[in-house]
Each structure stands twice: as structure tokens, then as C-alpha cells.
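Below, in C-alpha cells: the form predicted alone, a single chain.
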């Protein structure tokens, strides 16, 4: 596993600058508080959407747009041991989204932030989660400018062309391996996984923001190469109502799966072999949140009964009293693996069922969220209390049936 980095705290008492505790880590602080953007009605995503209509529509249904309203995140944020100000740096990263700015903590304790009120706080922008300004705004020579992959000189606002800067921006949050407290870990190792794969030359946007030819600003502009802004990831959205946007945004499972099977009448054993492949995602499968995993199930149906076997692909962590990873069997980029086994059955199987699920939230954790819903922010309590009505806990990646051949027939499995 990747080495977990501990915060760099010195024993001296008094205020400790955040940048000394987390040296060189972009995610440790929100971005700059941006001044108004010349030529634009504002810097909110809704302002950008006046001209960039397709981009705004796609972003609106994305995980990024729902980074703050994510019920699992809000539940985590409500824990007494959560350094909320630090967690928010990735979920509402822009300085203008922050009611208070934390630049130091007392005695190096992350639970004792020294906060300064932010006069430029924009409450509506706060609700936009990972908003357009996160990637596309920058301070340059005292002015707010738009960072773009290309420039024509026709935009009403100042543009700085920096495609590489945009390509690398993802890793400021999606490559964090810090242990911020004894039982609190940020383990998003996706960037390191990509860099060590045979697809290291690719960027996140190559797969998660597929290219399309269209007008970048309004419908009557010139047709140019652009990127989709759905930011499709593992296929499990933040709300049930966003599920249908996954395929529209280009979602494809990164798991290749097939099964072989047989029946030995002498030993009365059903034998199976499941072939699993990471289809060159460029990172481990699954990646991101360490509690995500893929569950593969093979079920044999025989007259009068059934037998089920499961295989788990993912990480296993021990959280109490000290967070530590105790297992990681994820599929690395391009890896092919076989799961083989056998089970004694009372009768010959008739049908074999193969299923793969991407699990984001297990039942135990869901019940805990529901039980502790009252400590969450008031606007989220009712939805967390009724979690299963609002929050997809998993997604079926593949489901297939195989009929066992009739003995003596020419039908092959």
C-alpha cells in the first residue's frame, strides 16, 4: 500500500500554520478568494452557464456538483472527531465558498482551528460543491482569469491557456494519502496508481471527461474539440435521480468478467472459474474511497435449492483504535485474475448466475449513519435518517445467467 503521511506537528504550543503541518499539499487550504471576473456576470457555476450551457448542464448532474450535499460525506463531517474545515477543502475548494478561512490551528491540533471570517463568502456558490472556479479560475497579476485548454482571443473574459495545469488539477484532491488522526484517514491514491500503471502518460480527463466536438460557448459558436463535464467515475451517483445520467455521461464499467463452470457426477461437485480483468482503467479497481469494493457472486441453482459463493475485491481497514490497512486485493491496471473453486451439491446444477456489484456503502455503515442523523447539519438530517430512499448504496455492474448443458446433448456451456 502507499505510505500514509502523518501531519508534521512540532511540540511547541501556540498557533501552527496549516501549510507547515501539511507542507506542499494544495488540498490543505482552499483556493484564493477570487475577485470578480472581468466580462462575466460572476464566478459561480450558474454564471458560467449563461454562455457555457452544455458544460453547465453536464456539471449540474455530476458528482462534483453534489460534493457538498453527499449524504455520506455530511454524515462523516458530523462526527466529533472530524476536522470539518480540512475536509471541506476538497468538497468546497474555492475561497469564496468558505464562510471562514482557516490558516492555522492551535497547538497543531486539527480540531482547534483558528478561523477568520471571510467577507467574500458567497452562500449560493457554497452549495455548488466542486464548482467551475475550482479548476478554471486563477489569480494572475492581481486579476481573476479563466484557465482554459485553448484560447481564441474572442472570450469576453481574460483567458490563460494552460492545458497541463487543468490536467493536473484532479490530483490535488484525488491523490491524498494522509492520516490526519489516529482513526481518520484520507486515502485517495488514484494519482499514484495511475503514475505506476502502463497508462501513466494519460490524464484523468482522457477517460472521465471524454472529448466531443461542439460549440464551447453558446450554440452559435464555432465547433471545436471540447470535454464532457459529467466527471463520470465508478457509476454510483450521489442521488437516485442522477443514476440515468451515468450512461449519458459515458459510464462504462472497468471490470471485465466471464465465467466457466462444470459438474463432476462422480464427486457431485460443481466447479467454477471466474475470470476478472481491470480493463486498463489506469488505476486500481476500485479506486478512491477505501471502503468501496466489488462483490462478485456465483450462484448454482439445482432442483430444490441453491448455493452461493462470493469474492470481494477491495481494501479492508481496521479503524479502531488505530486506522491501518490490513488487506488490499484490488485489481491493478490491466491485471487479469482467476477465482476458482468447487462446492459439493446434492444434485446437478440447472443454472449458474454470475453477478458483480460495486458497493459504496455496506449495511452496517448505513445503519450507523441513520442512527446518528440528528448530529448532521439540519438540512441533511431527514434525508440521512431515510437514507435508503435517497442514497444509492451500490450498483450492479454485470449480471448473467448460464444454463448447464443437458447430459449427452451437443449443447456446450
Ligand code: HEC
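Positions refer to the first chain, counted from 1. Keep in mind that this is a model prediction, so the values were computed, not measured.
In what follows, reference is made to the form predicted together with the ligand, a form of this protein that is not presented.
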property: Whether 242, 327 and 388 all lie within 4.5 angstroms of the ligand in the predicted complex by heavy atom; result: no
property: Contacting member of 216, 276, 323, 296, with respect to the ligand in the predicted complex [4.5 Å, heavy atom]; result: 216
property: Heavy atom within 4.5 Å of the ligand in the predicted complex - the one residue of 248, 225, 316, 111 that qualifies; result: 225
property: Partner-proximal stretch of 116-124, 302-310, 276-284, 339-347 relative to the ligand in the predicted complex, 4.5 angstroms, heavy atom; result: 276-284
property: Interface membership of residue 147, the ligand in the predicted complex, 4.5 Å heavy atom rule; result: yes
property: Contact label in the predicted complex: residue 380 to the ligand, heavy atom within 4.5 Å; result: no
property: Contact label in the predicted complex: residue 261 to the ligand, heavy atom within 4.5 Å; result: no
property: Contact of residue 43 with the ligand in the predicted complex (heavy atom, 4.5 Å); result: yes
property: Any residue of 250-267 that, in the predicted complex, places a heavy atom within 4.5 Å of the ligand; result: 251, 252, 253, 254, 255
